[in-house]
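Next up: a single chain in structure tokens, the form predicted on its own.
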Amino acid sequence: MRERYHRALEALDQDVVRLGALAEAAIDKATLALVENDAELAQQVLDGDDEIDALFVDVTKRALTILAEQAPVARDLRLLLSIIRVANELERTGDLAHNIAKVPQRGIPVGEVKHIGELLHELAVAARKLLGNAIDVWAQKDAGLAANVQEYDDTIDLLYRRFYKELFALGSDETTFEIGMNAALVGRWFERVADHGVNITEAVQFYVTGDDAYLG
């Protein structure tokens, strides 16, 4: 019985990593679709969101079932709570990829505006790097690496501020209201991708240390 229980925990852990890979791939595709204003690639992101949602629901249901049936304590309890939190962060990251992909899917060329396209791409690359590192932290359960990822978030905050300064400096002859508003939304969504990555690392810190401060 205990062996089956630990196999179930391990399978859940592995599926969270798989969910992370799906979220990473969605962000990659959404970024490329945005840069190239590729509606077909954007549609692939929209179509793939169902797979992310289905795996998220499956992982969450299995984790809750184990909580209800096994009443785990200590480290196992922290692992299950962390699995639920990380799965939620990754599902929301998939939603952000979906939102980003809607922009090129509607043919709105935000990536073609002066320096804005370059800054958006730079922000996207940085956010994707942080997300990938956060998923690695989860896979390794390394609280020390978690702190490094959180420090990198400062770089993304600086990029985000630069992006907004450039965006609001544009004149009305350089872009349209629709493009400007969508560019602002996309920048915010990439910044949120990084935030979800940071939350994943905090879940790892909670799991490893048991410190409730990382639950907030």
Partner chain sequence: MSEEPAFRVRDLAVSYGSQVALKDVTLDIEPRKIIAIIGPSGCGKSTLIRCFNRMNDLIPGTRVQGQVLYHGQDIYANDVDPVTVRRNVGMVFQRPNPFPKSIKENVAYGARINGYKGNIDELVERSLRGAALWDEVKDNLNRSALALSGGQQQRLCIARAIAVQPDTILMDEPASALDPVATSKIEDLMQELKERYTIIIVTHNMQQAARVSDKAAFLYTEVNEAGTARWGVLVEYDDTSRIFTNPRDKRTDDYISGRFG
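Positions refer to the first chain, counted from 1. None of the values given here were measured: they were computed from a predicted structure.
There is another form of the same protein, the form predicted together with its partner chain; it is not shown, and what comes next is about it.
- The stretch in contact with its partner chain in the predicted complex, judged by heavy atoms within 4.5 Å, is 73 to 81, chosen from 141 to 149, 73 to 81, 91 to 99, 115 to 123.
- In the predicted complex, none of the heavy atoms of Arg4 sits within 4.5 Å of a heavy atom of its partner chain.
- Residues are counted as partner-facing when one of their heavy atoms sits within 4.5 Å of its partner chain in the predicted complex; in 142 to 163 not one qualifies.
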